[in-house]
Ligand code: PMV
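Quick heads-up: it's one chain on its own, the form predicted alone, in structure tokens.
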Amino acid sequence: MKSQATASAPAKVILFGEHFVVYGNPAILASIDRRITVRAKTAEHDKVFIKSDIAEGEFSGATVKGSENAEAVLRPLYSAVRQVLLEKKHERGLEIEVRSDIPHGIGLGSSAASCVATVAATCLLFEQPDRQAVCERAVEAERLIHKNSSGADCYISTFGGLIYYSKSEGFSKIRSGAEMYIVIADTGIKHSTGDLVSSVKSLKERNEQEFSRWTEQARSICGRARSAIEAGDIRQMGALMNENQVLLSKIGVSHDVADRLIEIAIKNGALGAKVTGAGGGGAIIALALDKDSRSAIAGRIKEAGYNAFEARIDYDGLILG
């Protein structure tokens, strides 16, 4: 057994299909080059101490001592760690350090990346872990945070790249025919994924026929987007992102600030821009033509007083050691 081990897992964006995926539609996700890194270290005591950028806590069974938010934020990670320790019959404790360069709570998959990296680092103390097994354990942990999680966030964080996902078909990799130049911008507005999903469900129940038309449009967008990605047609991808954003506005998950950031991005050369994730604030994603355009878009958003960063697709996924 090692005395310490390290693993890291990337953030994610939803390029196409959010919300409609709940109703059986496909979605396209990508991992991006922002990461959460977890170091697991053996300890002489029998407790599990977890420290992150936003919380810290000392866990022993059902007992937790630490910051006010330790139970809500860190219990899923502790649950995952504890399962590994029980399986390995390890009776001593661990010290877990979680470091993040992923903005928290804006729909970039920080909770999933935390679960993936924590499970992997803990397993790595004992043996070289299998990625699929890490992913499955991470999904179990993430469902303590997002009860109805599809597992897509953990999957993309584990395996990296781009994926096409639907409830009926599962996961399939997409090979991109061109590099994507991406800008992520933070609205500064926190959201509740559960509340937004419930809101969309209520809208669907009130407008079944219209929602059915939107669902078909969203399905068409995803299919055309997959073809555009594989062909390397980034201009078509941008146009489809704009189409997708129109639908997200119709179902009420955009936000005035998100609309403003999208407008800034488009006016400064973005090929397309949209909300990414649950919406109601959170983050937007913009697609640029090249590096210079990407830098210009990010700069303009920052000048307007918002946080923004340039990103690329991460193809590594989970990194051990």
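Just so it is clear, the model here is predicted, and its values are computed rather than measured. All residue numbers refer to positions in the sequence shown, first residue = 1.
In what follows, reference is made to the form predicted together with the named molecule, a form of this protein that is not presented.
- Considering the named molecule in the predicted complex, the lone stretch of 258-266, 32-40, 60-68, 274-282 in range is 274-282 [heavy atom distance within 4.5 Å].
- The putative spot formed by 176, 180 and 287 is not touched by the named molecule in the predicted complex; no residue has a non-hydrogen atom within 4.5 angstroms of it.
- In the predicted complex, the named molecule sits within 4.5 Å of a heavy atom of residue 191.
- Using a 4.5 Å cutoff between non-hydrogen atoms, residue 308 does not count as a contact of the named molecule in the predicted complex.
- At a distance threshold of 4.5 angstroms between non-hydrogen atoms, residue 197 is in contact with the named molecule in the predicted complex.
- By the criterion of a heavy atom within 4.5 Å, residue 313 is excluded from the residues contacting the named molecule in the predicted complex.
- Contacts of stretch 101-119 with the named molecule in the predicted complex, defined by any heavy atom lying within 4.5 Å, are made by 107 alone.
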